[in-house]
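In structure tokens, one chain follows: the form predicted alone.
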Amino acid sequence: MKKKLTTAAGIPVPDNQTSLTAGERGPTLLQDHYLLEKLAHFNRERIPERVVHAKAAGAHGTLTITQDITKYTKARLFAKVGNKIPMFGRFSTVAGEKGSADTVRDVRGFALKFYTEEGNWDLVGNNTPVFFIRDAIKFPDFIHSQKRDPKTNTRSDTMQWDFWSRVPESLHQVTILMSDRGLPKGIPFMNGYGSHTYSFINAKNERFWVKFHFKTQQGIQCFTQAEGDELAGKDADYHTRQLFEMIERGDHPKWTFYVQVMPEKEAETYRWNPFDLTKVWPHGDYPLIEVGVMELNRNPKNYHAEVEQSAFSPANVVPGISFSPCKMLQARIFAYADAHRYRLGVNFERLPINRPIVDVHNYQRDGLMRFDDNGGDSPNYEPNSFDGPVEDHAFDEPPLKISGDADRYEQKRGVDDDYVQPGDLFRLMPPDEQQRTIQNIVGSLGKTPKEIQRKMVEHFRRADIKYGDGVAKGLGL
């Protein structure tokens, strides 16, 4: 027997195809609550679009622990080799809207949610180990420069290059973006990074600084600019479709999970500021340590419920994993959850895709979309005398030593601090990739005023003379 159609309140619907009217040709009656509910729900089917990372694909999978790192962290997910942790990943472009093309030159979001026995651990990173800025107070301005011109409502090369020309710390990320890796052939063919520095805390309550890396087992593969442009016109959803079809046919993409670990004390004297998001830790200083394998092996059944409503926050860490003084991370701890409360409502973590696999006990009550028993008759305040949940100081972290005067500090340690690593990266590229990087820059920077072009050429030259001269020649300067 077929299921009976009902309203959201469970009321049977007698007719879902014709409105209630006053006579055959008369006006529609306001009392047709079936019609009103249908139209009102339709008007609200589109929740507010993410300001960034709006276009995305997602998939479920597992993280399997293959190596013992318990000397660095007491997090239970790492407690035993062979542990399998269910997870969900969302992979996105940054600047484009929901309907934009997948195959555009852009940084890619690499957001992972691990459903652990101690709660959800969200690792919200990108496919690059660095970012354009290191202080979150610049973030709204940076994103405005990547979005649409308020006058023309079009994307503007001038806006983005003007910002980059005035913020030299962006040069490292710009170099990556304009290299081959700025246009991956697909989600399975790119690396993922936690990008920020985080901390591990072990059973002895010792702190280590840590960076997270996910290296693709499929190998890095990239499009040329011409190939990406052609595909954007032919199949705007190329990456989304590719990931879905790979998983559907059983070709499950995998990444090897590594960490870099720095003893807490070494951060004080390390040659780079280890909390600067525009810098990497060279592997010669802190080698990659293998942890496990992540596999994507199950497609969502409903995109809106599982991908669009998925909500990740760097604030979601589990005991044994914690934060660092990274200025960008500190701000994102607030900003991500705040964005979800705006988009999805204050109870967003009770949605099935965001719900942890462990029981939740707290004093949060009420708010939009509270679709469980709202705590029933249990107390909604603390402390109380009625067996409400209580804190456990066993999960206290070791104190973080802080010193110095409160002020607004620039994070640079040297005059050329923002140019060394971009130059090193350019010199690591084979000559043909160097040339493609220069061509990609010229194709975009060439659309901007000469004054901006000259500023950028000076930045490129300070990173590497060959780099700057190549861009200058391409621009005819």
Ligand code: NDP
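Numbers follow the displayed sequence, beginning with 1. Please read all numbers here as calculations on a predicted model, not as lab measurements.
Below, we refer to the form predicted in complex with the ligand, which is not included among the displayed structures.
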item: The ligand: the contacting residue among N126, Q260, N354, T116 in the predicted complex [heavy atom, 4.5 Å]; value: Q260
item: Listed residue (F189, F323, W281, Y238) with a non-hydrogen atom within 4.5 angstroms of the ligand in the predicted complex; value: W281
item: Partner proximity in the predicted complex: A54 to the ligand, non-hydrogen atom cutoff 4.5 Å; value: no
item: The ligand contact at I220 in the predicted complex, heavy atom, 4.5 Å; value: yes
item: Heavy atom of R298 within 4.5 Å of the ligand in the predicted complex; value: no
item: In the predicted complex, H213 touching the ligand (heavy atom, 4.5 Å); value: yes
item: Triplet W161, R462 and V471 all within 4.5 Å of the ligand in the predicted complex via a heavy atom; value: no
item: Region of this chain that lies against the ligand in the predicted complex, out of 60 to 68, 26 to 34, 425 to 433, 40 to 48 [heavy atom, 4.5 Å]; value: 425 to 433
item: Partner contacts in the predicted complex for 25 to 55 (non-hydrogen atom within 4.5 angstroms of the ligand); value: none
